[in-house]
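Given as structure tokens, the chain that follows is alone and in the form predicted alone.
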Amino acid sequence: MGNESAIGIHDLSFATTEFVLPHTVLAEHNGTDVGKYHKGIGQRSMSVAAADEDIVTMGAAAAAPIIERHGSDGIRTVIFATESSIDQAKSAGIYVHSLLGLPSATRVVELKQACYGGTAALQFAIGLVRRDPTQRVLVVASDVSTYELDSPGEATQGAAAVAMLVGTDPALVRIEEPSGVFTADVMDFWRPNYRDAALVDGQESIGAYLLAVEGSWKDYTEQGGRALDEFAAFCYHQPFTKMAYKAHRHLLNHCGHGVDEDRVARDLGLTTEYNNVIGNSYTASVYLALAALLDQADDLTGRAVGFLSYGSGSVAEFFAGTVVPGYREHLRTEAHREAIDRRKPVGHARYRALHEHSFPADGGDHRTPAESTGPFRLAGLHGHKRIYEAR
């Protein structure tokens, strides 16, 4: 694909929550050896949402710097990817559109397929830009991952939103044409309408993920994709960071490479830096991996990056991107570090209270305490309507 028709990620920004729970605190409460978290699953802490934060406030906070830098001209579509949706009918993206003051001549839609939704949004955005190269698409992937207290999945919780501006002549990453896709009907992880917390079969999920890695890679090579050795790094979906390592070793073995640990560290090392302190951010996770890679790598100009996006249930996609010359001038490294460092640590009792917090379903007036300090907050509920405020 020549540069003249290049489409990809022009800008990328992320936001996370007000609070953080260190895994040392969780381990102490559980009587678990913290090594089970730090080494076993590769997690050090997890973002915890304040009572007045949700996927909308995080999504708007992630997208605001993009609108600030580029304006809203040419953005005729907002695609919001999530699996922790706040409404069965209305797209969470409409609230973000309103909070950001975007023009009314915009289409807004919400996409869902577990953690794969962010990649679906990116690919749909590319299709829209290919149809009309003068347009740009705002993609927002935002999730709060919730498992039951004291369940095996609890230590993998997290929350974050990534916003991406997709258009022609991208300043960060050019997304390449061939894509390998894979779908299988698996009950490894799901959340029925009547539940707040997801249900997960841990072993089944790992097996389903590895099967999807094989399937999407097979299709990618059949579509004429790059050889494995051409990639400088790989961004995997990270339900926990050790899963990315497991998946990559599996891919190397599957391709007959054998596992060279130095190579694995080189391919993945920088991509887990944000996820291991934020936790699982579902649809945003693979793009947090990209942010961590771009923010830390010496120079990736002209190098290929592989993306493996997996969503339980299950759908996966493998595709490649090429890092664009001059990309480092457009990074938001400082803002990203600040988003992580500004989180306030909470104790275990406070974390549990926030975890169990939910609005009564009576449609009455319910104000939320002003706990967060970000640019947007969920002020409360009134007549079954969520009320958002810009600070």
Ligand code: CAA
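Start at 1 and count along the sequence shown; that's the residue number. Please read all numbers here as calculations on a predicted model, not as lab measurements.
The following text describes the form predicted together with the named molecule, which does not appear among the structures shown.
Undergrad: Should the three residues 39, 152 and 189 be counted as contacting the named molecule in the predicted bound form, with contact defined as a heavy atom within 4.5 Å for each?
TA: Checking in the predicted bound form: 39, 152 and 189 are all within 4.5 Å of the named molecule.
Undergrad: Sort through 164 to 172, 90 to 98, 216 to 224, 144 to 152 and report the only stretch with a non-hydrogen atom within 4.5 Å of the named molecule in the predicted bound form.
TA: Contact-bearing stretch, as computed: 144 to 152.
Undergrad: Applying a 4.5 Å heavy atom distance criterion, does residue 240 contact the named molecule in the predicted bound form?
TA: So residue 240 counts as contacting the named molecule.
Undergrad: Even though the partner isn't displayed, in the predicted bound form is residue 33 close enough to the named molecule, meaning a heavy atom within 4.5 Å?
TA: Judged by the heavy-atom cut-off of 4.5 Å, residue 33 is in contact with the named molecule in the predicted bound form.
Undergrad: Indicate whether residue 209 is a 4.5 Å heavy atom neighbour of the named molecule in the predicted bound form.
TA: Yes, residue 209 lies within 4.5 Å of the named molecule in the predicted bound form.
Undergrad: Examine residue 254 and determine whether its closest non-hydrogen atom to the named molecule in the predicted bound form is within 4.5 angstroms.
TA: Contact check for residue 254: no, nothing within 4.5 Å of the named molecule in the predicted bound form.
Undergrad: Of 115, 138, 278, 316, which residue is found within 4.5 angstroms of the named molecule in the predicted bound form when only non-hydrogen atoms are counted?
TA: Only one option qualifies, and that one is 115.
Undergrad: For the stretch 294 to 317, I need every residue with any heavy atom inside 4.5 Å of the named molecule in the predicted bound form, listed N to C.
TA: Residues within 4.5 Å: 310, 312.
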